[in-house]
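One chain follows as structure tokens, the form predicted on its own.
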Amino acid sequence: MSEHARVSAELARIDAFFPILQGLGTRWAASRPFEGLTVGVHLHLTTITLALVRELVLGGGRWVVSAANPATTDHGVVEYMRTLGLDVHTGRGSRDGVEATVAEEPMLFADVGFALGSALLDEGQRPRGGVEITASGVTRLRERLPLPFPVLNINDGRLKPAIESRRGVGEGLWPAFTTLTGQHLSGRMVLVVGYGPVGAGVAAFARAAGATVEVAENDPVRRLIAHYDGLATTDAVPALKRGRIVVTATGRRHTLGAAELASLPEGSIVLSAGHGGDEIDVAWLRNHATTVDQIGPRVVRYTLPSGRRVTVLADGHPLNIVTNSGSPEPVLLHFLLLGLGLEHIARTDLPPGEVCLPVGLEEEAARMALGVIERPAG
């Protein structure tokens, strides 16, 4: 099967079982809200992203796309997007693609990790506005306040934390883990580092699969919530010494740094459920390991000078995105919000700075989703 045929088949499956975006595409084709605008999109380039972009371009405008992470880029998707007439930039890394997109001076933008938004600020550009969909991006956005343009915060609305972050990531991560390692979770010890919506979902699905789950969280409020969710809670350092399967879900660089990685017990497996590829200091492992063994696709085992072995999945990149695993429904739902957000910015003069997602947009997205989910059979 050719790459184009494979991607087309995946799109057809998405369309058949959760046709949530096509209605918006039809609306945009009639109303053309993006006509005359250049729109920059900085996202993980998966088939689910393609399902969104395919509808967005029906609304007019010129679209420039950059890959958020080379490790999560499906090159079949890149080529498919180019057949739609999009400028798609992958470059050597996400920064190269961002620079190419910024050079096109987009007036609207969609972002993960606030990489594109930060670059626009650095270049002194003043777009009409943008949307940010990740927790790490919102954190980075707030570090750049005050902003001269509006950015809709989709991550902290009601829908994304409850559905995509908690259920989408949690449901998708563990089948990918089992596929790569052959291990079942029953009876195994899982340490989840970070208990935001993503960490809570990762922990819940691990426990449902039979694992013994412990949570390391420094924020006292989140740690207390984990306790009342029935999970053992602790500081990270002592828990790492017991960890066998360690998942980071913090959005923070080097959550597992040199000290943490060196303290892991023999045979530990580490993986990330965060947005970027730097929560695990894989470079430290490469530089200090006495041997490095590729023991399977996206599975690398490092032997440390102590003799202990640590296995890293997907090179520390978000495993569920790298493998495009799990149901597309949760991601499509927050992509629906992304599209509605861009439409809202194109039609509304918003104040500069971080802007909360309007309640009406989330209610519209929920009604559209329910219209698909609750549609009578036949």
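In this text, all values refer to a predicted model and were calculated from it rather than measured experimentally. When you see a residue number, it is the position in the sequence shown, counting from 1.
Beyond the structure shown, there is the form predicted in complex with a small molecule, which is absent from this document and is the topic of what follows.
A.B. asks: Considering the small molecule in the predicted complex, which of T255, S268, N153, T73 comes within 4.5 Å of it through any heavy atom?
C.D. replies: Checking each option against the small molecule in the predicted complex, the one that comes within 4.5 Å is T255.
A.B. asks: Using a 4.5 Å cut on heavy atoms, which of L240, A176, V282, A135 is close to the small molecule in the predicted complex?
C.D. replies: It is A135 that has a heavy atom within 4.5 Å of the partner.
A.B. asks: Any chance all of V193, V198 and D219 sit within 4.5 Å of the small molecule in the predicted complex, going by non-hydrogen atoms?
C.D. replies: Yes, the whole candidate spot contacts the small molecule.
A.B. asks: I'd like to know whether T250 contacts the small molecule in the predicted complex, with contact meaning heavy atoms within 4.5 angstroms.
C.D. replies: T250 belongs to the contact set for the small molecule.
A.B. asks: So in the predicted complex, is the small molecule close enough to G341 to count as touching (4.5 Å, heavy atoms)?
C.D. replies: Residue-level check for G341: no, no contact with the small molecule.
A.B. asks: Given that the partner is absent here, does N320 sit within 4.5 Å of the small molecule in the predicted complex, heavy atoms only?
C.D. replies: Contact check for N320: yes, within 4.5 Å of the small molecule in the predicted complex.
A.B. asks: Residue-level contact is defined here as any heavy atom of the residue lying within 4.5 Å of the small molecule in the predicted complex; does V169 satisfy this criterion?
C.D. replies: Close contact exists here: in the predicted complex, V169 approaches the small molecule to within 4.5 Å, heavy atoms only.
A.B. asks: Counting only non-hydrogen atoms, which stretch in 282 to 290, 269 to 277, 80 to 88, 298 to 306 is within 4.5 Å of the small molecule in the predicted complex?
C.D. replies: Heavy atoms within 4.5 Å of the small molecule in the predicted complex occur in 269 to 277.
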